[in-house]
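Quick setup: one chain, the form predicted on its own, written in structure tokens, and binding and motion questions come after.
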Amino acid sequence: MKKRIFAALLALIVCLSTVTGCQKKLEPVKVESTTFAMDTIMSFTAYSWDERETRHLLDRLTDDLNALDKLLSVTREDSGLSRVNQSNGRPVKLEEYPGLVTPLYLALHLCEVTGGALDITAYPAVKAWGFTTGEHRVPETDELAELAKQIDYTAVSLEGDVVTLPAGMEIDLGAVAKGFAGDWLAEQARGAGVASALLDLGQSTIVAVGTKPGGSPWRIGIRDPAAEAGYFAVVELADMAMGTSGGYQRYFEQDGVTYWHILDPDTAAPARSGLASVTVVAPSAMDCDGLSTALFVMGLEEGAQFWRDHPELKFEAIFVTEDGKIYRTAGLEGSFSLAEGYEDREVTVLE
């Protein structure tokens, strides 16, 4: 009898050990998806216990992204935004494009809070420089002066779902569209129960949903604006977003001068603020994109003061000057580090 009991107990221990061992080996499945939207390649990575359901979710996110692209694109003639730009001064009721109201409202708010350093009405100037077509040119001084007169976000009226844009003006949401899309997609992922995902919307716009499986933060590299490739620093993200604006992203050269796509609304010409790139970390990807552009236009001193003056925006920033100096805000302590090969670079902490 004792032998039978002992054998039964031994079998039970072996069984429990096997089950426990299997449980330790169980890991969530990594599901990936890549698509082309908003003129760039985007990639999504999610971890889940249900691979099939997560693949369906990523397919739905891709459909949502295409719908947002059709809504927010300034270059698609059939987009909701193009409908506004083609209104020739007439009020446009957005009943056919209800999804355009929120991003327009949020973009105009960012224009206001940044004092116009971000201005979504700069599209005629962007076109004049050829950044939309690739047929680059340097406008004459008189032309730039006239273009600058057309840049004024305060002239845009948004009352409920009715938007009015003065004749001759055009809106471009390119500085915030990918960020808005990232916030939307992250919300959908969280609503579907995904606790671990990384949404890379291209052009340095990243949204981290939760952490990596196991609880460690996502580690995201920041490109060195002075190099063709490579990262000078790494930022750790957990349920946060990151966006970078830099002159190296879209530019052309003429007669030995480099002209980039980030325009100063006051001059309708490329912003010459002494900065090579600005990276913003915040809960909202749209804030990251819009603020990184605005801070690039402001420059280091004004941008650092803006950070101090607006704690309600809950953002942190990394500035890289044209001469290669690195500055970061104090709130990134513990989540910012220099990358391999850059450890000897000095980093100034902004308080």
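This structure is a prediction, so every number in the text was calculated from the model and none was measured. Residue indices: 1-based, along the sequence shown.
Just so it is clear, the following notes concern the form predicted together with a small molecule, a form of the same protein that is not shown.
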| query | finding |
| --- | --- |
| 242, 282 and 331 each touching the small molecule in the predicted bound form (heavy atom, 4.5 Å) | no |
| Contact of residue 80 with the small molecule in the predicted bound form (heavy atom, 4.5 Å) | no |
| Contact label in the predicted bound form: residue 293 to the small molecule, heavy atom within 4.5 Å | yes |
| Contact flag, residue 250 vs the small molecule in the predicted bound form, heavy atom cut 4.5 Å | yes |
| Contact of residue 104 with the small molecule in the predicted bound form (heavy atom, 4.5 Å) | no |
| In the predicted bound form, segment of 182 to 190, 259 to 267, 227 to 235, 81 to 89 with a heavy atom within 4.5 Å of the small molecule | 259 to 267 |
| Residue (of 209, 165, 117, 206) lying close to the small molecule in the predicted bound form, criterion heavy atoms within 4.5 Å | 117 |
| The unique member of 158, 126, 276, 147 whose heavy atoms fall within 4.5 Å of the small molecule in the predicted bound form | 126 |
